[in-house]
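Heads up, the chain below is alone and in the form predicted on its own; it's given as structure tokens.
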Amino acid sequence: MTLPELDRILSGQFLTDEPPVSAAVTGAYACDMLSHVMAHAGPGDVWLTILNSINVVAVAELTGCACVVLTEGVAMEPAVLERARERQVTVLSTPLTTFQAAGRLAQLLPERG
């Protein structure tokens, strides 16, 4: 799956620059505890969260997540979005709940073992 496809599936809107068409998504992880995300999310994952602080950008960069998906229509402050752009962290917002977004992705992405 690509990030533009993810956008359509989650009825989302990119808050940062739209990613290249080839940007790939290989998994997903849903969690709002930053230390847990650092330990379990990885490159190519979509991270589903309602958190929207500067620390989200740092953790996304550290783990190599393909995209941060802010669920429930959550937005980010302009300064945080600017940091995400600087760090090349893609951020998408969706009106779906975390449960709804995870359910859609679970049907389309392989389960991790």
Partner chain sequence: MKCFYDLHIHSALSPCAEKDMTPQNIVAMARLKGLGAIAVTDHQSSANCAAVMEASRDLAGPVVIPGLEIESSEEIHLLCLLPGLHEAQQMQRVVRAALPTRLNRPDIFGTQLLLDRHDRITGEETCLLLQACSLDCQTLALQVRNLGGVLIPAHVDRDAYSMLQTLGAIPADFPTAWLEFTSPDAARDCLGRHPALAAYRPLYNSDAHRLGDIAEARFCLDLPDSAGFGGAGCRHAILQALQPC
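Please read these numbers as outputs of a predicted model, since none were measured by experiment. Numbering follows the first chain given and starts at 1.
The same protein also has a form predicted together with its partner chain, omitted here; what follows describes it.
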Exercise. Can you check whether Leu34 is within 4.5 Å of its partner chain in the predicted complex, heavy atom basis?
Worked result: yes
Exercise. Can you check whether Arg85 is within 4.5 Å of its partner chain in the predicted complex, heavy atom basis?
Worked result: no
For this session: Flag Leu81 as yes or no: does it have a non-hydrogen atom within 4.5 angstroms of any non-hydrogen atom of its partner chain in the predicted complex?
Result: no
For this session: Answer with yes or no whether Glu61 is in contact with its partner chain in the predicted complex, where contact means some heavy atom within 4.5 Å.
Result: yes
